[in-house]
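Only one chain is shown below, in structure tokens, and it's the form predicted alone.
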């Protein structure tokens, strides 16, 4: 058995179950996150470990260090419990879910098909740091998410690093920021947005190198980095007039300590109906123990892409 040293908390695990949720509407994103430092029960971690497939367990056991193993267990358990919440089929349980990867390595649910049931067009994506793990869920819309610590250490010189990976416009933007801390924060925000976009495309970094597209949002355009939340767009670096209009973004500050970017495919069914905003609901969770809807609280601050009225509380 894996040895993970934890401080026990009086969690009622065996008698608790996942609170079922309806699938998100077509124009809504559900975002779930867990803070690993808040999971201190070894019995709860063992319950999560029991949800994993033999292959997932093998991957965990190969990792060096208890903290890496713990985060890997939490990441896989978060995906499994999040998808199972939606009661897609009465037979779906966290342990029974199977996954596969597309040709570029993006995970997908491998539904167990039968004649009387057709799986829903559910999409998910996961991202994690050492201190926060998140899973985003949509229906009928591709999704990519990324989370980064606001205090993330950048070993290289920021501008040198940006010149290697970012578009010319993004490098010029960062160069124009005189305050080094503001420059670092804007770099992290751009990185988070770019990674979410690449993950939503599902083609991998080789299929969509960071240099081949530019992320623009209101603060970056106006130069007012304390501005209100505003639209975020992506454009081809080869042709700046070519806005890739079938994607929309949300940039958040989470728990006062992280940036989170969400990139989703726009709903084609809404074409011709004007600008139909996507809704967002955010939960902080410890699966089997507690779920807290934190939308509209100080734990979720909208930076760009949505207005406060589009966050469901």
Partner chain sequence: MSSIMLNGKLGGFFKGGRRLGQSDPMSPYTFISSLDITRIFSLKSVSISNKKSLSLRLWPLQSRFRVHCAAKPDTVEKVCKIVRKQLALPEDSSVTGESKFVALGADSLDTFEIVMALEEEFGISVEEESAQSITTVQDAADLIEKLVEKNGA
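All of these numbers come straight from a predicted model, not from anything done at the bench. Residue numbers count along the first chain shown, from 1.
The same protein has a further form, the form predicted together with its partner chain, not shown here; the description that follows concerns it.
Visitor: Would you check whether its partner chain, in the predicted complex, lies within 4.5 angstroms of a non-hydrogen atom from each of 155, 206 and 209?
Guide: Yes, the whole trio is in contact, each within 4.5 Å by some heavy atom.
Visitor: Among 174-182, 135-143, 161-169, 73-81, which stretch has residues with heavy atoms no more than 4.5 Å from its partner chain in the predicted complex?
Guide: Contact-bearing stretch, as computed: 161-169.
Visitor: How about residue 26: is it within 4.5 Å of its partner chain in the predicted complex, going by heavy atoms?
Guide: The answer is no: residue 26 has no heavy atom within 4.5 Å of its partner chain.
Visitor: Can residue 62 be called a contact residue for its partner chain in the predicted complex at 4.5 Å between heavy atoms?
Guide: Yes, residue 62 lies within 4.5 Å of its partner chain in the predicted complex.
Visitor: Can you tell me if residue 217 lies within 4.5 angstroms of its partner chain in the predicted complex, counting non-hydrogen atoms only?
Guide: Result no; residue 217 lies far from its partner chain in the predicted complex.
Visitor: Heavy atom to heavy atom, is residue 235 within 4.5 Å of its partner chain in the predicted complex?
Guide: Although its partner chain is absent here, residue 235 would stay clear of it in the predicted complex, with no heavy atoms inside 4.5 Å.
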